[in-house]
Every structure is written in structure tokens, then in C-alpha cells.
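First, one chain by itself: the form predicted alone, in C-alpha cells.
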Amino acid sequence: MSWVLENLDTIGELTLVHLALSLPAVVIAFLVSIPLAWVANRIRVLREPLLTGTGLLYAVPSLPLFILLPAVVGTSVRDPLNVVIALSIFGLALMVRSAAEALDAVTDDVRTSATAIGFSGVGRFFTVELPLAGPALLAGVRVVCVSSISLVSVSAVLGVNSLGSLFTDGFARDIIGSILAGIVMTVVLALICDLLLVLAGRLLMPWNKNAAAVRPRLRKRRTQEAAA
């Protein structure tokens, strides 16, 4: 505990660096996954190859990817850009399928109704389909966010600063407080970011709260109708 109190500044700086590496990757994964999911749903013959292909990206071991990326993008091994790119790839592997299923859950009746009242294809997508798919998309983003915050720590093995540096330094110098601080802060950071996403979802998508309140009543009514 004394080590933690004496190194609060270092822990705080590494926490900010950790966030600076993980959050851009979450945003990139989300923004890239939406058009890919749209293509997967509109061109059905490409759906499974696209979803399977992106999903397989998650099978790539993280440490070798961190080492190989510099040769591809022309950066040094310790460049933080490599970490952001690698995390974006892993985030994409998780997010594309979630986004495709979320957008695909919007029924044809809803699309037809939106078109009938004058929405163009682009307008219908951004003002009808995307908001309706929002709750499911948020669930995917939460998974990507927690996964990215966890994976950032691996980059510390290559010398890129993050909360993972507390693990590597702690093991190298046999400082238990440093190791525990790295573990606890990574978990706390993931929980805080996940909570913020939930709160943002409630703020930006109030209709999801109303729908959640209605769903149990609908299930109860259907059960009663089935029993009758």
C-alpha cells in the first residue's frame, strides 16, 4: 500500500496513457464496422465471408501482431500507433458481427414504413435504422471497450507505456504493490468506462429504457394469451 501511495502520480499518468491508447481504437472499430455491417446485410452473398473473415482477426495472437505491424506501417516497435492499430483490428473482429446483427434486426416493415413516409435510403439509415439498432450496437461497443482496455497491457512487454508497465516493472523489480496496482487499475478503468457507456446509452437512447419497461408486460400478456 505504501508503494501505491508513493507512486500515485506515476499510476495516474499511466492510466491516462492507457486510455489514450485504448479509446481511439474503440472509436475506430465502431466507425469502420458500421459500413462493413451494412455491406454484409445488403449483399447477402458477402455476409458470411465478411463476418467470418473479420471474426478470425481476433484469433491472431496479440504479441506477434504488435511486432509485425511496424514492418507493415513503417513505425518503430515502441510506437504507440502500432498499439492503436492492433487494438482497432481486434475491436473490428468483435464489432462487425455485432453491428451486422444489430442492423439486421431492424424489420423490413420498419424500413418499408420509413420509405413510405418519404425517407431516402441514406436518411432512413441514419434516422431510423441506426437509432433502432443503437442498443444492440452499444452492447457490442461495451465488449470492445473492455477488451481493448485489457489488451493494451500486453504492449508493455514491448516497452510501450501503459498500466501494463506496472506489471512488467513489478515483476522485474519484485514489487508486489506495483503488480497489484496494475491489475486493480486495469479492472477499475474497464468498469468505469463500461459504466459511462451505459449512462451514455441511457442518455442518448431513452427509447431503449421505455422498450425495456414494455417488454416484460408484452411477455406476460403473451404468456396469459397462450395459457388461455
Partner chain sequence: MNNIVEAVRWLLTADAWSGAGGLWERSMEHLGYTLIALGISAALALPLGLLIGHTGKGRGVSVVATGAARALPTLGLLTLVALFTGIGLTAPMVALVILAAPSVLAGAYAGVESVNPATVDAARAQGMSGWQVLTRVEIPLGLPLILSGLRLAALQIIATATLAAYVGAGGLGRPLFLGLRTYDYPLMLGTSIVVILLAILVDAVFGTGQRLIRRIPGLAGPQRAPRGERRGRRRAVAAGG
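The shown structure was predicted, so the numbers you read here are calculated from the model rather than taken from an experiment. Residue numbers count along the first chain shown, from 1.
Omitted from view is the form predicted in complex with the partner chain, to which the following refers.
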Of the listed stretches (111 to 119, 124 to 132, 151 to 159, 80 to 88), which one has a non-hydrogen atom within 4.5 Å of the partner chain in the predicted bound form?
151 to 159
Residue 61: heavy atom within 4.5 Å of the partner chain in the predicted bound form?
yes
Within 4.5 Å, heavy atoms only: does residue 56 come near the partner chain in the predicted bound form?
yes
Contact of residue 93 with the partner chain in the predicted bound form (heavy atom, 4.5 Å)
no
Taking 4.5 angstroms as the cut-off for heavy atoms, does residue 201 touch the partner chain in the predicted bound form?
no
Of 39, 31, 192, 67, which one comes within 4.5 Å of the partner chain in the predicted bound form, counting heavy atoms only?
67
So which of 187, 27, 196, 46 reaches within 4.5 angstroms of the partner chain in the predicted bound form, heavy atom to heavy atom?
187
Counting only heavy atoms, which residues in 161 to 190 are within 4.5 Å of the partner chain in the predicted bound form?
164, 167, 168, 170, 171, 174, 175, 176, 179, 180, 183, 186, 187, 190
